[in-house]
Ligand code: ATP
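In the form predicted alone, a lone chain appears below as C-alpha coordinates.
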(Lines give C-alpha, C1' and ligand atoms only; values in the text may rest on other atoms or scores of the structure.)
Protein backbone atom coordinates (compact mmCIF):
# COMPACT_ATOMS: atom_id res chain seq x y z
CA UNK A 1 0.00 0.00 0.00
CA UNK A 2 1.14 3.52 -0.80
CA UNK A 3 0.76 6.00 2.07
CA UNK A 4 0.27 8.86 -0.41
CA UNK A 5 -2.77 7.24 -2.04
CA UNK A 6 -6.28 8.16 -0.97
CA UNK A 7 -7.69 5.25 1.03
CA UNK A 8 -11.37 4.30 0.85
CA UNK A 9 -12.88 1.67 3.16
CA UNK A 10 -15.91 -0.31 1.96
CA UNK A 11 -17.92 -3.22 3.33
CA UNK A 12 -16.21 -6.52 2.54
CA UNK A 13 -19.36 -8.66 2.62
CA UNK A 14 -22.92 -7.54 3.18
CA UNK A 15 -25.97 -5.79 1.83
CA UNK A 16 -24.04 -2.76 0.50
CA UNK A 17 -21.06 -4.55 -1.05
CA UNK A 18 -22.33 -5.28 -4.55
CA UNK A 19 -23.95 -1.87 -5.01
CA UNK A 20 -20.89 -0.09 -3.64
CA UNK A 21 -18.49 -1.82 -6.02
CA UNK A 22 -20.91 -1.13 -8.87
CA UNK A 23 -21.10 2.54 -7.91
CA UNK A 24 -17.31 2.87 -7.79
CA UNK A 25 -16.96 1.26 -11.22
CA UNK A 26 -19.73 3.49 -12.62
CA UNK A 27 -17.62 6.40 -11.35
CA UNK A 28 -14.78 5.26 -13.58
CA UNK A 29 -12.54 3.58 -11.01
CA UNK A 30 -10.68 0.58 -12.40
CA UNK A 31 -9.81 -2.11 -9.85
CA UNK A 32 -10.01 -5.82 -9.14
CA UNK A 33 -12.04 -7.28 -6.29
CA UNK A 34 -12.04 -10.84 -5.00
CA UNK A 35 -13.74 -12.41 -2.00
CA UNK A 36 -10.46 -12.89 -0.12
CA UNK A 37 -8.79 -9.67 -1.22
CA UNK A 38 -8.10 -7.16 1.58
CA UNK A 39 -7.44 -4.15 -0.62
CA UNK A 40 -7.31 -3.08 -4.26
CA UNK A 41 -5.18 -0.40 -5.89
CA UNK A 42 -7.01 1.50 -8.62
CA UNK A 43 -5.25 1.39 -11.96
CA UNK A 44 -6.32 4.84 -13.12
CA UNK A 45 -6.30 6.94 -9.93
CA UNK A 46 -4.12 7.10 -6.79
CA UNK A 47 -6.89 5.48 -4.75
CA UNK A 48 -6.79 2.28 -2.71
CA UNK A 49 -9.96 0.43 -1.71
CA UNK A 50 -9.91 -1.50 1.57
CA UNK A 51 -12.42 -4.30 2.23
CA UNK A 52 -13.40 -4.39 5.93
CA UNK A 53 -16.28 -5.13 8.28
CA UNK A 54 -18.93 -2.43 8.02
CA UNK A 55 -18.87 -1.65 11.75
CA UNK A 56 -15.09 -1.09 11.57
CA UNK A 57 -15.42 1.66 8.97
CA UNK A 58 -16.35 4.50 11.38
CA UNK A 59 -13.32 3.87 13.59
CA UNK A 60 -10.94 3.53 10.65
CA UNK A 61 -12.10 6.84 9.18
CA UNK A 62 -12.24 8.66 12.52
CA UNK A 63 -8.69 7.59 13.41
CA UNK A 64 -7.29 8.57 10.01
CA UNK A 65 -6.18 5.02 9.20
CA UNK A 66 -8.25 5.53 6.03
CA UNK A 67 -9.38 8.78 4.45
CA UNK A 68 -12.88 7.86 3.27
CA UNK A 69 -15.53 5.26 3.95
CA UNK A 70 -18.80 4.09 2.43
CA UNK A 71 -21.30 2.68 4.90
CA UNK A 72 -24.94 2.83 5.92
CA UNK A 73 -26.35 5.91 7.63
CA UNK A 74 -27.65 3.48 10.28
CA UNK A 75 -24.08 2.81 11.43
CA UNK A 76 -23.34 6.54 11.64
CA UNK A 77 -26.48 7.04 13.72
CA UNK A 78 -25.51 4.23 16.06
CA UNK A 79 -21.74 4.75 16.38
CA UNK A 80 -21.70 8.57 16.09
CA UNK A 81 -18.04 8.83 15.07
CA UNK A 82 -16.33 12.20 14.63
CA UNK A 83 -16.26 12.21 10.83
CA UNK A 84 -17.57 14.38 7.99
CA UNK A 85 -20.48 13.13 5.88
CA UNK A 86 -19.80 14.17 2.29
CA UNK A 87 -22.54 12.58 0.17
CA UNK A 88 -25.72 10.53 0.30
CA UNK A 89 -25.20 7.85 -2.36
CA UNK A 90 -28.84 6.90 -3.04
CA UNK A 91 -28.63 3.15 -2.74
CA UNK A 92 -28.89 0.65 0.10
CA UNK A 93 -32.22 2.10 1.20
CA UNK A 94 -33.74 0.59 4.33
CA UNK A 95 -35.30 1.63 7.62
CA UNK A 96 -34.51 0.98 11.24
CA UNK A 97 -37.88 -0.17 12.51
CA UNK A 98 -39.70 -1.39 15.59
CA UNK A 99 -41.56 -4.69 15.12
CA UNK A 100 -43.62 -7.02 17.28
CA UNK A 101 -44.98 -10.58 16.84
CA UNK A 102 -48.03 -10.79 14.58
CA UNK A 103 -50.17 -12.07 17.45
CA UNK A 104 -48.97 -9.45 19.94
CA UNK A 105 -51.73 -7.29 21.48
CA UNK A 106 -49.35 -4.30 21.38
CA UNK A 107 -50.42 -1.73 18.80
CA UNK A 108 -48.49 1.37 19.82
CA UNK A 109 -45.21 2.37 21.42
CA UNK A 110 -46.70 2.97 24.86
CA UNK A 111 -47.68 -0.71 25.04
CA UNK A 112 -43.98 -1.56 25.31
CA UNK A 113 -43.43 0.36 28.53
CA UNK A 114 -41.43 -1.87 30.90
CA UNK A 115 -40.83 -4.46 28.18
CA UNK A 116 -37.57 -5.83 26.75
CA UNK A 117 -36.46 -4.95 23.23
CA UNK A 118 -33.93 -7.02 21.27
CA UNK A 119 -31.74 -5.09 18.84
CA UNK A 120 -28.36 -4.70 17.19
CA UNK A 121 -28.79 -0.94 17.63
CA UNK A 122 -29.04 -0.31 21.39
CA UNK A 123 -28.11 3.39 21.28
CA UNK A 124 -30.64 4.24 18.56
CA UNK A 125 -33.28 2.14 20.33
CA UNK A 126 -32.85 3.82 23.71
CA UNK A 127 -32.83 7.26 22.12
CA UNK A 128 -36.08 6.49 20.27
CA UNK A 129 -37.95 5.30 23.35
CA UNK A 130 -36.59 8.14 25.49
CA UNK A 131 -38.01 10.58 22.93
CA UNK A 132 -41.50 9.22 23.67
CA UNK A 133 -40.97 8.80 27.40
CA UNK A 134 -41.30 5.02 27.26
CA UNK A 135 -39.01 3.00 29.55
CA UNK A 136 -37.68 -0.23 28.10
CA UNK A 137 -34.83 -2.66 28.65
CA UNK A 138 -32.65 -3.53 25.68
CA UNK A 139 -30.68 -6.67 24.97
CA UNK A 140 -28.06 -6.51 22.24
CA UNK A 141 -28.02 -9.33 19.71
CA UNK A 142 -25.65 -9.41 16.75
CA UNK A 143 -27.51 -11.11 13.92
CA UNK A 144 -30.79 -13.07 13.85
CA UNK A 145 -32.55 -10.48 15.99
CA UNK A 146 -35.90 -11.66 14.57
CA UNK A 147 -35.77 -14.88 16.59
CA UNK A 148 -35.72 -13.12 19.97
CA UNK A 149 -39.52 -12.84 20.48
CA UNK A 150 -40.02 -16.52 19.59
CA UNK A 151 -37.45 -17.48 22.23
CA UNK A 152 -39.17 -15.36 24.85
CA UNK A 153 -36.19 -13.01 25.10
CA UNK A 154 -38.03 -9.85 24.07
CA UNK A 155 -41.48 -8.41 23.42
CA UNK A 156 -40.30 -6.59 20.32
CA UNK A 157 -37.27 -6.00 18.13
CA UNK A 158 -35.58 -3.01 16.54
CA UNK A 159 -33.75 -3.94 13.35
CA UNK A 160 -33.19 -2.93 9.73
CA UNK A 161 -36.08 -3.54 7.35
CA UNK A 162 -35.82 -3.37 3.55
CA UNK A 163 -38.78 -5.16 1.99
CA UNK A 164 -40.46 -6.59 5.08
CA UNK A 165 -40.11 -10.17 3.81
CA UNK A 166 -37.84 -11.17 6.72
CA UNK A 167 -40.43 -9.90 9.18
CA UNK A 168 -43.16 -11.92 7.48
CA UNK A 169 -41.06 -15.08 7.46
CA UNK A 170 -40.53 -14.73 11.22
CA UNK A 171 -44.19 -13.92 12.04
CA UNK A 172 -43.44 -10.31 12.90
CA UNK A 173 -45.26 -7.13 11.93
CA UNK A 174 -44.02 -3.57 11.65
CA UNK A 175 -45.11 -1.31 14.49
CA UNK A 176 -43.34 1.88 13.39
CA UNK A 177 -40.26 2.99 11.46
CA UNK A 178 -37.59 4.86 13.46
CA UNK A 179 -35.44 6.36 10.72
CA UNK A 180 -34.50 5.81 7.09
CA UNK A 181 -31.02 4.81 6.03
CA UNK A 182 -28.98 4.70 2.82
CA UNK A 183 -25.34 4.41 1.82
CA UNK A 184 -23.25 7.50 2.57
CA UNK A 185 -19.70 8.68 1.93
CA UNK A 186 -17.77 9.85 5.00
CA UNK A 187 -14.33 11.42 5.41
CA UNK A 188 -11.76 11.90 8.15
CA UNK A 189 -12.21 15.36 9.68
CA UNK A 190 -8.61 16.33 8.90
CA UNK A 191 -8.65 15.23 5.29
CA UNK A 192 -9.21 18.80 4.09
CA UNK A 193 -5.81 19.79 5.47
CA UNK A 194 -3.98 17.15 3.40
CA UNK A 195 -2.90 19.19 0.38
CA UNK A 196 -1.45 16.19 -1.49
CA UNK A 197 -4.71 14.24 -1.37
CA UNK A 198 -7.09 17.16 -1.95
CA UNK A 199 -6.87 17.14 -5.79
CA UNK A 200 -7.64 13.40 -5.84
CA UNK A 201 -10.52 13.90 -3.42
CA UNK A 202 -11.99 16.64 -5.63
CA UNK A 203 -11.74 14.40 -8.69
CA UNK A 204 -13.42 11.56 -6.82
CA UNK A 205 -16.27 13.77 -5.57
CA UNK A 206 -16.79 15.11 -9.11
CA UNK A 207 -17.07 11.55 -10.42
CA UNK A 208 -19.43 10.50 -7.64
CA UNK A 209 -21.72 13.51 -8.07
CA UNK A 210 -21.86 13.04 -11.85
CA UNK A 211 -23.09 9.47 -11.37
CA UNK A 212 -25.62 10.59 -8.75
CA UNK A 213 -26.91 13.37 -11.00
CA UNK A 214 -27.39 10.93 -13.86
CA UNK A 215 -29.61 8.69 -11.72
CA UNK A 216 -32.39 11.27 -11.91
CA UNK A 217 -32.23 11.74 -15.67
CA UNK A 218 -33.01 9.79 -18.84
CA UNK A 219 -32.11 10.36 -22.47
CA UNK A 220 -35.26 10.36 -24.60
CA UNK A 221 -35.71 10.13 -28.35
CA UNK A 222 -39.01 10.34 -30.26
CA UNK A 223 -40.64 11.67 -33.40
CA UNK A 224 -43.67 14.01 -33.69
CA UNK A 225 -45.51 15.78 -36.52
CA UNK A 226 -43.92 19.15 -37.26
CA UNK A 227 -47.26 20.82 -36.50
CA UNK A 228 -46.84 19.73 -32.88
CA UNK A 229 -43.52 21.56 -32.47
CA UNK A 230 -44.87 24.72 -30.75
CA UNK A 231 -46.85 22.77 -28.15
CA UNK A 232 -44.05 20.25 -27.58
CA UNK A 233 -41.56 23.10 -27.09
CA UNK A 234 -43.76 24.48 -24.32
CA UNK A 235 -44.04 21.03 -22.82
CA UNK A 236 -40.32 20.16 -23.01
CA UNK A 237 -38.38 23.37 -23.76
CA UNK A 238 -34.85 21.94 -23.55
CA UNK A 239 -35.10 19.20 -26.17
CA UNK A 240 -33.48 19.39 -29.61
CA UNK A 241 -35.71 19.09 -32.69
CA UNK A 242 -34.48 18.09 -36.14
CA UNK A 243 -36.57 17.99 -39.33
CA UNK A 244 -37.25 14.57 -40.88
CA UNK A 245 -38.82 13.58 -44.21
CA UNK A 246 -42.60 13.35 -44.14
CA UNK A 247 -43.26 16.48 -42.10
CA UNK A 248 -42.04 14.95 -38.87
CA UNK A 249 -39.48 16.03 -36.30
CA UNK A 250 -36.85 14.01 -34.46
CA UNK A 251 -36.78 15.06 -30.81
CA UNK A 252 -33.86 14.23 -28.50
CA UNK A 253 -32.56 15.31 -25.11
CA UNK A 254 -32.10 14.63 -21.42
CA UNK A 255 -34.89 15.16 -18.93
CA UNK A 256 -35.75 14.05 -15.40
CA UNK A 257 -37.42 10.67 -15.39
CA UNK A 258 -40.39 11.82 -13.30
CA UNK A 259 -40.95 14.66 -15.79
CA UNK A 260 -41.02 12.12 -18.63
CA UNK A 261 -43.85 10.18 -17.01
CA UNK A 262 -45.70 13.40 -16.14
CA UNK A 263 -45.84 14.49 -19.80
CA UNK A 264 -45.95 11.05 -21.43
CA UNK A 265 -49.69 11.03 -22.17
CA UNK A 266 -49.58 14.58 -23.54
CA UNK A 267 -46.68 13.63 -25.85
CA UNK A 268 -48.77 10.75 -27.18
CA UNK A 269 -51.69 13.15 -27.73
CA UNK A 270 -49.35 15.31 -29.83
CA UNK A 271 -48.60 12.35 -32.08
CA UNK A 272 -45.32 11.20 -30.53
CA UNK A 273 -44.09 7.86 -31.87
CA UNK A 274 -40.93 5.74 -31.71
CA UNK A 275 -40.36 6.81 -28.11
CA UNK A 276 -37.12 5.60 -26.54
CA UNK A 277 -35.97 6.23 -22.97
CA UNK A 278 -32.37 5.32 -22.18
CA UNK A 279 -30.24 5.51 -19.03
CA UNK A 280 -27.71 8.31 -18.63
CA UNK A 281 -24.40 7.12 -17.20
CA UNK A 282 -22.98 10.46 -16.02
CA UNK A 283 -23.83 14.16 -16.03
CA UNK A 284 -20.94 16.60 -15.63
CA UNK A 285 -21.84 20.24 -15.27
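Just so it is clear, the model here is predicted, and its values are computed rather than measured. Residue numbers count along the first chain shown, from 1.
Unshown form predicted in complex with adenosine-5'-triphosphate (ATP); subsequent notes refer to it.
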Heavy atom within 4.5 Å of adenosine-5'-triphosphate (ATP) in the predicted bound form - residue from 37, 231, 53, 59: 53
100, 178, 161, 185 - the one with a heavy atom within 4.5 Å of adenosine-5'-triphosphate (ATP) in the predicted bound form: 161
Exercise: residue 92 in contact with adenosine-5'-triphosphate (ATP) in the predicted bound form, heavy atom 4.5 Å: yes
4.5 Å heavy atom contact, residue 268 and adenosine-5'-triphosphate (ATP) in the predicted bound form: no
Exercise: residue 129 in contact with adenosine-5'-triphosphate (ATP) in the predicted bound form, heavy atom 4.5 Å: no
Heavy atom of residue 121 within 4.5 Å of adenosine-5'-triphosphate (ATP) in the predicted bound form: yes
Location of adenosine-5'-triphosphate (ATP) contact in the predicted bound form, chosen stretch of 185-193, 68-76, 101-109, 205-213 [non-hydrogen atom, 4.5 Å]: 68-76
Residues of 10-37 having any heavy atom within 4.5 Å of adenosine-5'-triphosphate (ATP) in the predicted bound form, listed in sequence order: 11, 13, 14, 15, 16
